[in-house]
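This document starts with one chain, in the form predicted on its own, laid out as structure tokens.
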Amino acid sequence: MEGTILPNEYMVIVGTRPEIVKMAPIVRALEERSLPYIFVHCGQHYDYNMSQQFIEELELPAPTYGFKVRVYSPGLQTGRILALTERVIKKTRPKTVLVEGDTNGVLAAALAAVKLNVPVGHVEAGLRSFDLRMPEEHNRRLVDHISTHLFAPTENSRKNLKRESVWGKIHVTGNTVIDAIIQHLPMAERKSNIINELRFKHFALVTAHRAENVDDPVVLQNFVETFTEAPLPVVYSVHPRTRKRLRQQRLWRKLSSSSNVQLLPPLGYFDFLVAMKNCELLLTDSGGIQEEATAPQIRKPVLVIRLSTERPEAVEAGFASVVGVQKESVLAAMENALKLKGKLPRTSPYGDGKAGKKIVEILTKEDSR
């Protein structure tokens, strides 16, 4: 899909649902200042439910360009997105290409821009897990080293970038995920009925989908035993990848028949926001949820069921704990987390909810020089 292209616009590229969420505040900030921009969906997650419908729900404009990338091999996917975004960048010649995060689509779009001598602005730059088993770690490092503008969400992120001697200019802005919570939670509470679907009034909300966890039969077994024995009922939003692995390991029946567990399909963004606001604590291997939980409107303890995190600020502030994947350690951490209710910080380490406006202001100042 194509719209009328004005010369010398910014280009905002998204490809997955978390990217749409985190770039939405930047799109709104551009519109507030009447700055022309091109909105591109690069197609990494492209079906109606995951993309166009979601964009509509967030009351964002339709993408100026949208692609459908129907390949799943990481190399093929990256190459295909690179070729498609290169075509659009070459046609429109934006003044800056803005990408967010650490997906294959982000890497591909950033490479396409750099090859055409168009500056890249990396939103959420400088995150590091220091765990090279994670493909996201490869992507985020590469994008940081080819970006002109590095929008680091925190001082920790800035230090990571300085340590690696990136050549681009570093700006500490806060994380747009806090802006997104502030802007989207009222929409979610108007539109979501998830609370009426939950069996439990007091519950722990769980997500687990990373390959290093769910593809490991021992870790998956630990998770099932942990959730069925948890000191608080568990509401588990199950990713398709995880569901497949649970069935392959013959663990699905044990989990689904437990009176202590309610299994749900992957929740939409609005449903998940409302569930987060109403849960007692979160268990997750997701990065973004560690940030979202720190928003004053959510403010929940998070147990990171991984061996590392690229969000140390949430840990340092007291919101999150990296608890590993062993049943005993996770159960003990749940007991401890339940005692933290009401004792969490009042402010988020990821900013005051104005990151999107700060990023746009920085871009306009840099461009006026």
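For clarity, every value in this text was computed on a predicted model and none was experimentally measured. Start at 1 and count along the sequence shown; that's the residue number.
Not on display, but discussed next: the form predicted together with uridine-5'-diphosphate (UDP).
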Applying a 4.5 Å heavy atom distance criterion, does residue 65 contact uridine-5'-diphosphate (UDP) in the predicted complex?
-> no
Is residue 82 close enough to uridine-5'-diphosphate (UDP) in the predicted complex to count, meaning some heavy atom within 4.5 Å?
-> no
Contact label in the predicted complex: residue 18 to uridine-5'-diphosphate (UDP), heavy atom within 4.5 Å = yes
4.5 angstroms heavy atom contact with uridine-5'-diphosphate (UDP) in the predicted complex for residue 54 = yes
Honest question, do 221, 223 and 252 all end up within 4.5 Å of uridine-5'-diphosphate (UDP) in the predicted complex by heavy atom distance?
-> no
Of 152, 204, 289, 89, which one comes within 4.5 Å of uridine-5'-diphosphate (UDP) in the predicted complex, counting heavy atoms only?
-> 289
Just one of 128, 277, 210, 171 has a heavy atom within 4.5 Å of uridine-5'-diphosphate (UDP) in the predicted complex. Which one?
-> 210
Using a 4.5 Å heavy atom cut-off, which stretch among 223 to 231, 158 to 166, 262 to 270, 141 to 149 contacts uridine-5'-diphosphate (UDP) in the predicted complex?
-> 262 to 270
Could you run down 226 to 243 and flag each residue that has a heavy atom within 4.5 Å of uridine-5'-diphosphate (UDP) in the predicted complex?
-> 237, 239
